[in-house]
Ligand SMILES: NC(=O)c1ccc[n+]([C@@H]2O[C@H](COP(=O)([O-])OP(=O)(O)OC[C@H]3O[C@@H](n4cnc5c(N)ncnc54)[C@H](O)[C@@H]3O)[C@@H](O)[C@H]2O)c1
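First, one chain by itself: the form predicted on its own, in structure tokens.
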Amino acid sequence: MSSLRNIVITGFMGSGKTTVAENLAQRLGREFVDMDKVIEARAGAPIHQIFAERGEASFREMERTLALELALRRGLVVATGGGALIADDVREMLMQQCNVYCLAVNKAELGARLANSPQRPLAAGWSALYDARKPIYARIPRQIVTAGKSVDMIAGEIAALERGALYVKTPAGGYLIRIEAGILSRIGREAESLGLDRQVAVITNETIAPLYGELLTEQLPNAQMIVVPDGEAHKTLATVSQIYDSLLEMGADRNTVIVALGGGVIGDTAGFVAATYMRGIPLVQVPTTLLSMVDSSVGGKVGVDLPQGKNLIGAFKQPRAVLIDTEVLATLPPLQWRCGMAEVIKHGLIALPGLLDADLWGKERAEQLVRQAVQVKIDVVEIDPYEQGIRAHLNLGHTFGHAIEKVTGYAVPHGEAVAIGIVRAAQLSRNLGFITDAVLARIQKIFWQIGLPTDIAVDRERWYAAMATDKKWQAGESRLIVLKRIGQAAVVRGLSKDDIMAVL
């Protein structure tokens, strides 16, 4: 008997449970079980007849009995009926014994499907039933949003989750983060399940285009590459306008998918284009630097810079998926690896101290390092998707760092600026009495070990003035992130200029 946990696909009537589950079973080479078909075979009658002649209570008891039987088996893909997991005890039992996925379908889409399904015994009152069951379905943690996705895409998402992909829940649904070595080299074989079998615009820069852009574009059936200059200096509205022109030239419409292939600058810029072109088109993030893998590609923040400050023009645009190929880190220059490590250390300082373990910092453990750091970002953005609260903790050191970038004309790389900024935030935390001199010294030592700077010679007044234009400043009042201790951050507001100048 297989030792694999059963996969159970559930959801409201008409959500596509049977079709998705059958597709998934074929993909995974598992036995497929349609609970409704089993019940019909045992009862010798179709579902609507069982309801009519024996009543719903009798049918639910058959469902309960079958669910208990299936829970004792292994290696199955099971499609349930719409009401099979409404009972608390059945749902909790299956969630303990199996991997349960709920297909989340919006009401408008369901209405169109159910209009042609008069044989469903509960179809007549489906709208009220949907409202009643929605909060019950919401108790199932693994929610798969189906809007705009083919059966192949939905089954592909579930298969990826079974292989260890991460999932980010958002207000509008959610998306996958696949962290797999070599995924770029086989993306063509998965184009349909990734939703990349349609028109695709691969947006990348001059450095990445010959390394990975051509490889990616050639694998996809209908893809074109848009190449922009490399570097933060080109993260501007002028570049956005250039990309708009290229999209129009290729005839891109609202079904065209933008693939952002590159580091944080490409992810932010291409993401902003995806958020605004024709009022929004699908986006897939494919980060190629450690920094963009663990930070900017996750969470939906996109935007560009103005001369007055960084990321002052932006939006929230959740990707359809994030594809992280850790093999590309082999070609990452040492400076870019160190810069990415600044964000990894930040995640360790605010939430996961295990990331401060130097044994994790080598490229040979890249997949584990990235997975742990990304999980920190996921945990935060799920709680606070629009940066109304705890998500601000991810900005530890960033107000200091962004100001360094501005006053130096972006001559200092982002990761180095963030490292210096984090040390300044740690010094401020020490001055406010939150952490000790020993903790501050430990933080400085960590950055030295990695090879990142912790100080810079810039004019203090210009540094402070640049901080005061940061978008996180509110109504002229300072708003900075400090450390209460390693593993816990906090927001402090209204610090005086003297308090801040003391650490510049």
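Treat the numbers as computed from the prediction; the structure is a model and nothing was measured. In this text, the rigid core denotes the largest set of C-alpha atoms whose superposition between the two forms falls within 1.5 Å. Don't overthink the numbering: it's just position in the shown sequence, from 1.
The protein also exists as the form predicted together with this ligand; that form is not presented, and the subsequent description refers to it.
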Using a 4.5 Å heavy atom cut-off, which residue among Gly263, Gly213, Gly271, Gly421 comes into contact with this ligand in the predicted bound form? Gly263
Which one of Thr207, Thr399, Ser193, Thr256 is close to this ligand in the predicted bound form, taking close to mean a heavy atom within 4.5 Å? Thr207
Judged by heavy atoms and a 4.5 Å cut-off, are Lys17, Arg133 and Thr146 together in contact with this ligand in the predicted bound form? no
At 4.5 Å between heavy atoms, is Gln336 in contact with this ligand in the predicted bound form? yes
Answer with yes or no whether Leu291 is in contact with this ligand in the predicted bound form, where contact means some heavy atom within 4.5 Å. yes
Contact between Val328 and this ligand in the predicted bound form at 4.5 Å, heavy atoms? yes
Using heavy atoms and a 4.5 Å limit, would one call Lys310 a contact residue for this ligand in the predicted bound form? yes
Which of 125-133, 96-104, 228-236, 366-374 lies within 4.5 Å of this ligand in the predicted bound form, heavy atoms considered? The stretch 228-236
Do you see a C-alpha shift of 2 Å or more at His402 between this form and the one not shown, with the core held fixed? yes
When the two forms are laid on each other by their rigid core, does Pro413 show a Cα shift of 2 Å or more between this form and the one not shown? yes
